[in-house]
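In structure tokens, one chain follows: the form predicted alone.
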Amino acid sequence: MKQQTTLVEVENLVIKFPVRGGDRKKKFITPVDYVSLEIKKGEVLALVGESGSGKTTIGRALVRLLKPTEGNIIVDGKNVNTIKGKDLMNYRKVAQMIFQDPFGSLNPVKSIESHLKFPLKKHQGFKGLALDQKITDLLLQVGLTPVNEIRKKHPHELSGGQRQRLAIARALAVNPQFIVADEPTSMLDVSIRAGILQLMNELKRDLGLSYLYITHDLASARYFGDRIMVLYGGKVMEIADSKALIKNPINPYTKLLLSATPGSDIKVNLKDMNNEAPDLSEGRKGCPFVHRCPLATDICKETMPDLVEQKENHFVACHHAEDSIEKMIFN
């Protein structure tokens, strides 16, 4: 079997945001706290976790809409942490983002073909008949037909699914290698979500694209993701191949997430669970899940556990991973 080449490598990524405290002194929260990951060429890494876990912040940093506070983001062998100007513009041809809200990410006064003309002219140098043909090809590629009608419309004249297909076409216009898909189906009707995921899967296969797929939905993460990374409070809780993680979750937080998935065998009495948000303050100690975890002890309050390989290619950050496996908590 051919060894896949690493396309995206993130080393100890830290992102801080300033907040004002009651004493008017500037303080910081750390929604992403020493996160490391890698994505192979042609691979989908699904990033899952509840709201506020840091998923979108990581995605925005990877496409350099945010500048990292610490750590390194290496894409196709190049460190992109501090690039700017022409180098940043060239990076837009490597990495693109599909946003959660397809309507909010489109210009309401521009026609459909205008949304595609700009990146094709600026980044690919298309013009004239070649430009017109490329717009047609992109619309056909993402299933927006009839092309001659669609290209003259404006975003408000399209359905939610059609708008997301346009957003995908716009991302494809620069011929990227890597796409951050930030919950691309969460704003869509259930009936059309599968079609969008199928399209993205076909593009992965046909174009060799790599994805960071951000989602709350573990069912879609299993379907679309090759591997799943579970994030909570800006920390990595668990990483494994998709099927292995869904079948045999180890971290207590992963088990909690799975219990909220329809059809899961894992059950949780939510009345007994603390729903307090994790501590994101700078300099925090311990595991971010400590206030909700049934296995928590004093060490969990003081020290963040390392990410350790519990099984082959199955990494878990938990001081009591062995107890979690043996006791099958939450079942």
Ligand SMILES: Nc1ncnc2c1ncn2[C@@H]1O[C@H](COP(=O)(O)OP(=O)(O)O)[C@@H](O)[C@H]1O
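In this text, residue numbers run from 1 along the sequence as written. The structure presented is a predicted model; accordingly, all values stated were derived computationally and were not measured.
Below: the form predicted in complex with the ligand, not depicted.
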| item | value |
| --- | --- |
| Ile299: touches the ligand in the model of the complex, heavy atom cutoff 4.5 angstroms | no |
| Heavy atom of Asp279 within 4.5 Å of the ligand in the model of the complex | no |
| Glu50 within 4.5 Å of the ligand in the model of the complex, heavy atoms | yes |
| Interface membership of Ile29, the ligand in the model of the complex, 4.5 Å heavy atom rule | yes |
| Contact segment among 302 to 310, 55 to 63, 36 to 44, 283 to 291, judged by heavy atoms lying within 4.5 Å of the ligand in the model of the complex | 55 to 63 |
